[in-house]
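Only one chain is included here, represented as structure tokens and corresponding to the form predicted alone.
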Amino acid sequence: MKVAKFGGSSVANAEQLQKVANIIQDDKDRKVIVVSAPGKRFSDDVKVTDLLIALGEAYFKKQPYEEELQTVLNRFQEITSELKISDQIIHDIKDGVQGILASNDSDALKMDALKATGEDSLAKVLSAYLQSLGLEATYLNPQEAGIIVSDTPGSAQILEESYEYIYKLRDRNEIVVIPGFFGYSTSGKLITFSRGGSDITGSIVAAGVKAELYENFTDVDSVYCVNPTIVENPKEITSLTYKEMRELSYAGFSVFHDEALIPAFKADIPVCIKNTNNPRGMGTIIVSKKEPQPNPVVGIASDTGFISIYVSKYLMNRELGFGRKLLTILEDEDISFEHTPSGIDDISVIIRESVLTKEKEERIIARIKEELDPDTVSVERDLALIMVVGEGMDSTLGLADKATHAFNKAQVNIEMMNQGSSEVSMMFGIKADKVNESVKALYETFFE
């Protein structure tokens, strides 16, 4: 049995859904299908999920929301008309949205239900289309499929008991189409995963049914070793390990939501990234282990939007609990840290700029000064992180030397570097305006 997940670009319109149906028919082992909501049809288009979020935000502000609702209805009307299937789903969407808004649920639960409307409706459309082609197929609600999640709106976590229920999908003979992105709490409330959560659903279902393979269909032939908007025609990666993909996803690769692989990883299920527009292409396979390579570096990822809080104090290393106290201050402000490079008298805490409001920053700096009595405390903005990723890097001589020479060649100053704690990556902190030239120099060093 294979589980196939189709992303937003793969289900954006009727033409793409016809390709999806052909892919499903091409392999009888593709028995469980997970779908996203319709994505962009062209570069300036708006994803259906974004329209539904805008609808909800307008409603909560007591502003008109009919335009966003009508745009969603028009998108689905266009799809059903071109596929020549019933347009009953249009009425269901309209009634469903009105029912959500009129319910007694909290605003957070209402927003989750609105956001899930795109995936849920698309799954019904695809199952109806497969039936029109003479295939034995059915729509299956995540609650019926056994996807039971924690009661945390917008950030659901799968409950272990789910896998026992999901395994029963193996007993079904028909093709099952499941909407991604959401599950149900034990009390029966619809709860969504974090954004990009359809990938999480696919991974959960693959683990639950103990699939031979989890196929994730998107709009690229494979994962590239570097962002193709920075380097023209970069090399493709044919195989990755879970650890490598996790590091790359964290540092800016957008192919996968960075939590998506955890269920598949735990169940040791191979994941193959494939192109809906070129389904016979090799794609990229993600596995637990792979054979050592002469060049252990598989990819270079970059992401901007980071801040460094720098704290210096003479004899810091002799002061018991200094690091714990510093991180506790961040914890009290609900801020998680990304990296903590340190020396004997200083420490930097790297956090995402998006989580640090002006008010939080002022409170944090004031508490650090008051509670830790540092010699120096400062905040450095506009940082980018670049990750050089590959298993086996820790046992290969000269990689850090090559990397630092690449930065020197690009005339980029390294603000910070961290490798010791990871077997699969080297992290470099630089100024955000130097990302492109740095990535190009590293690509030339490791791949050309």
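Just count from 1 along the sequence shown to find any residue number. Because the structure is a prediction, the values reported are computed rather than measured.
Form predicted in complex with a further copy of the same chain: not shown, discussed below.
Here the chain stands alone, but in the model of the complex its contact with a further copy of the same chain, taken as any heavy atom within 4.5 Å, falls in 339 to 347 among 85 to 93, 363 to 371, 339 to 347, 176 to 184. No residue of the trio Gly281, Val435 and Tyr443 has any heavy atom within 4.5 Å of a further copy of the same chain in the model of the complex. When a further copy of the same chain is considered in the model of the complex, Tyr129 lies well away from it, no heavy atom lying within 4.5 Å. a further copy of the same chain is not drawn, but in the model of the complex it has a heavy atom within 4.5 Å of Asp334. Within 4.5 Å of any heavy atom of a further copy of the same chain in the model of the complex lies no heavy atom of Glu215.
Not displayed here, a further copy of the same chain is kept clear of Val226 by more than 4.5 Å at the level of heavy atoms in the model of the complex. Checked against a further copy of the same chain in the model of the complex, the candidates Asn317, Ser155, Thr304, Thr238 yield a single residue with a heavy atom inside 4.5 Å, and that residue is Asn317. Arg324 is the sole member of Lys358, Arg324, Lys168, Lys289 with a non-hydrogen atom lying within 4.5 angstroms of a further copy of the same chain in the model of the complex.
Of the residues in 403 to 419, those that come within 4.5 Å of a further copy of the same chain in the model of the complex through at least one heavy atom are, in sequence order, Thr404, His405, Asn408, Gln411, Val412, Asn413, Ile414, Glu415, Met416, Met417, Asn418, Gln419.
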